[in-house]
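Consider the single chain below, provided in structure tokens and representing the form predicted on its own.
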Amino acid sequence: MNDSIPQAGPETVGNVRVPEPVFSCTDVNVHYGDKHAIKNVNIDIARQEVLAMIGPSGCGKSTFLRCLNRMNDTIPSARVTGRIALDGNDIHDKRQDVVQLRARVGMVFQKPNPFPKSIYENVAYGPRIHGLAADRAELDDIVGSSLRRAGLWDEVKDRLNQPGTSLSGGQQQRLCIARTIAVNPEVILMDEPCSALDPIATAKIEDLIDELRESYAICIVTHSMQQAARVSQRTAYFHLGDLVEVGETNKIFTNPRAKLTEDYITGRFG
């Protein structure tokens, strides 16, 4: 690790303690075979906040995000070390049910990926397999509530039996968000959720993120510094697998501590 890169300590924003972290990550490393993709990352993710992760392509943002719900388990060459605790419990504990973990830590991907099912069934699928609804009426309530919270109900309430793939790109992404929140997660991970969307659809997703923050911890990877500035309370800057700096978003963008962060934000590289 480059000694010139200041390492951000856990549970701090500058010198301010993060309130009630839902995730605490300590000395997290990720290797893909011989490639050291994430290096000794220490960071907390708090309830009722949006943490944005920024940095050049290939710097490790998405790799780190996928550590939080063990998506890297699906990559044979991946090896994750260090401690990642959700509500104080190590997510790599042998007793941890990965299916349950991914219900608690939902994920919205870069490209909208609705199931090849109806709009209704896209949202109902998770509550059904996790046994969250006692009967059809309760399932209807969950589907309706999730679509409302995702800002989609008024647009789809008269066509719930139509395929999810029949929606526009922005609507599909909000459907994927509705599908995620239908299983009552604690955390929502978003991997560049607006990169495939037009500006109007992007604005709707950003407004939605701001509303959902009241109920969830949200961690978003974004290639857009403007988006990070708009939606997040804290921002983490990654560079070549190192977490260079994490702090309050306005401070990161106006008065970063590290020169690497300043150079990226001012457009000198990246």
Partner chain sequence: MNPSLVILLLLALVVVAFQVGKARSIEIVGGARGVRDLHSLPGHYGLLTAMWCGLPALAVFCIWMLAQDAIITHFALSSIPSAVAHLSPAERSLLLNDLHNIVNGRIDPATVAESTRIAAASYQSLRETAHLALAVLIAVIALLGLLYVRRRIRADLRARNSYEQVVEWALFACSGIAVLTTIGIVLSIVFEAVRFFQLIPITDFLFGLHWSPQMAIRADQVGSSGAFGAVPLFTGTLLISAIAMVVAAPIGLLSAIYLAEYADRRARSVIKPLLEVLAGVPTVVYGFFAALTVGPILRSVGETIGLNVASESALAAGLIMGVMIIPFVSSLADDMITAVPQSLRDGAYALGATRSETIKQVVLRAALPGIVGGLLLAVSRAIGETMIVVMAAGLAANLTANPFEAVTTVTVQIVTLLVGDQEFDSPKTLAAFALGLVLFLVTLVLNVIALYVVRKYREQYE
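Numbering follows the first chain given and starts at 1. Here the structure is a predicted model, which means the values were calculated and not measured.
We do not show the form predicted together with the partner chain, though everything after this point is about it.
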{"query": "The partner chain contact in the predicted complex: T81, any heavy atom under 4.5 Å", "finding": "no"}
{"query": "Contact label in the predicted complex: P114 to the partner chain, heavy atom within 4.5 Å", "finding": "yes"}
{"query": "Any non-hydrogen atom of R66 within 4.5 angstroms of the partner chain in the predicted complex", "finding": "yes"}
{"query": "Partner contact for G164 in the predicted complex: the partner chain, 4.5 angstroms, heavy atom", "finding": "no"}
{"query": "The partner chain in the predicted complex: contacted by all of M71, Y125 and V183, heavy atom 4.5 Å", "finding": "yes"}
{"query": "Heavy atom within 4.5 Å of the partner chain in the predicted complex - qualifying residues of 98 to 121", "finding": "V99, R102, A103, V105, G106, M107, F109, N113, P114, F115, P116, K117"}
